[in-house]
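Consider the single chain below, provided in structure tokens and representing the form predicted alone.
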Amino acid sequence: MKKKVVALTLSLVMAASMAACGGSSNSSSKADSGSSDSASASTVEDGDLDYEYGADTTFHSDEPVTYSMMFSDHENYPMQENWRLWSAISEKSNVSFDLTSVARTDYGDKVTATVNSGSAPYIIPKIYDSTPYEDSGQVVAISDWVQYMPNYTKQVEEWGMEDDLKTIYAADGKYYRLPGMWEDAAGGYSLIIRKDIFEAAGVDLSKEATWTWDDFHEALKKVQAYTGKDNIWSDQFQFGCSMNLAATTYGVTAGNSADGGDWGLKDGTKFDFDKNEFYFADTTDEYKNFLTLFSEMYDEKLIDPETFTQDSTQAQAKFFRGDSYVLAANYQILSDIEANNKVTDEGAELYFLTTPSGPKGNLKLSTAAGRLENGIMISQNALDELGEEEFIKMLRFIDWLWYSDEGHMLSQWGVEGETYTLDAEGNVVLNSDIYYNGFNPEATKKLNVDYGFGGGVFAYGGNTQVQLSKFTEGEKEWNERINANKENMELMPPILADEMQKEELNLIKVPLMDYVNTSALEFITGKRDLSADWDTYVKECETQGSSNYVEKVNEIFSDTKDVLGY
């Protein structure tokens, strides 16, 4: 583990924000901050503060200040001390970071180790799930302090994020992660297809936005007949991503792989909004029908048997050279494929499908988990070592960098006039010599590699304008197809289990869902017969505790309905 101190501050303002940012601390006061049980009102009046802050106001400290922070170092754009990102943030805020830089692949383990040992840096970004740390006493219940964050609270109120935030509540009704928040849900994973091959096979893509999984199945059979090839779908992520895409539309859970982790397998439960209770979805008729879909595709030699064991590099290589014609991905992967001309098959034309619908409807899958992104945990060390007043100051810096429009634009696009400009309509125009996410594919520089902007530690969440600015015309068109045809999903309530209840549930969940996942692959690949072995599978899930698990979950839900507002 290597520690580095680098300068950091924000630089850049959206045109509207520039006009609004007067730089006065009077724009936010204790009167609109409130107080909480754990965070008593500060004794320092706004006029005595040594920094400027506020909604739509650039945070700036009178004196230089440094905050310790963990940094998830991505192998595709490794961290550099001379990134313009760092100096841009420092110029705006007078804040720098003492970074604990950790390789992305080791980041989760390192976070766990530092939190458990009580040595965690103050700021811990890039956290998808705070659950493992909530009972440690080493992470701040940040919901006790958000009243001191004017940009954050503005987003929550104006975008109506209250129900989304309930999905990350802990058993005490608080939350321990500052999530990235999107004004609108967009993006996500779907399937890249070889459009040229599908159309040559007679597949009509004009109606694909309303396809069911059965329609997609029929399209694959046409491609197989046209090409005379088997195994035309050789997928990456060991099929975990694709299983999750389909499972969501069938009202079940599935998708777990060594390459990608838990895509959607979770604990096998779904929520019945009519009955207001949870049930185990992965023994239902819907789950059997879901498995039948892929089992039939496998029997018909549409799905490559190596899909379930190969890594993503191997799967992509087959797609690039024209040995397969379908690949699960997100749009960033598609942009990278196209920008770097990775498909070597001459005349290849790629197309990003909208996810097919299922028995539960034509669903907008990006809304399944709400509009929250990965986020930031704050270690107890920050509060203990800084004291309340300086802790609140740090929160207000975080509030500006991660939650203001200015901060979003800086983290994503950099410095106006240096890395981008705005056109007459206020749209971002990236400098022609800089590449990012499909923009300027011939450019020699990269926004994330050479400048540090557009990286996953800072650049996530934001308003619709910021979100759309990251989309190429192709990605905008894909999202337009989704929005025009798909329905938003209702958010499931969280299970507010305490530490002991979590342990009890995990003792059931881990072996049960391992059995469910293993059985799913066996049913799909024909090692087990869906007709002859289904009843045995259901009984074994019962033996493994599926009913007991649901019973405990519903007891917890019943006891916490008042906290959740059900």
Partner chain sequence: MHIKASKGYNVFRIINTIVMILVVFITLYPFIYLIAQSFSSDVAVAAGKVTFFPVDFTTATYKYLLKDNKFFRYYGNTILYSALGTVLSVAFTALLAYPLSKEKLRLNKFFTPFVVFTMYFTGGLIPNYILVTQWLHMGNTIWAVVLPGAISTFNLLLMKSFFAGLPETLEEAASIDGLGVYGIFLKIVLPLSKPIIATMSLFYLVGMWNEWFGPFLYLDDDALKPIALWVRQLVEGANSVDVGSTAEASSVQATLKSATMVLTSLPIICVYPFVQKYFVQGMTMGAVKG
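Numbering follows the first chain given and starts at 1. Everything numeric in this text was worked out from a predicted model, so none of it was measured.
Although it is not shown, the form predicted together with its partner chain is what the next lines describe.
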| Taking its partner chain in the predicted bound form as the reference, which of 464, 332, 488, 432 has a non-hydrogen atom within 4.5 Å? | 332
| remark: Assert contact residue (its partner chain, in the predicted bound form, non-hydrogen atom within 4.5 Å, options 389, 129, 109, 204) equals 109
| Hey, of 392-400, 204-212, 74-82, 281-289, which bit sits against its partner chain in the predicted bound form at 4.5 Å between non-hydrogen atoms? | 74-82
| said: residue 125 versus its partner chain, in the predicted bound form: is there a non-hydrogen atom within 4.5 Å? | reply: no
| query | Just to confirm, residue 484 within 4.5 Å of its partner chain in the predicted bound form by heavy atoms? | reply | no
| Exercise: residue 416 in contact with its partner chain in the predicted bound form, heavy atom 4.5 Å | no
| request: Report whether the minimum heavy atom distance between residue 117 and its partner chain in the predicted bound form is within 4.5 Å. | output: yes
| field | Residues within 4.5 Å of its partner chain in the predicted bound form, restricted to 412-436 and counted by heavy atom | value | none
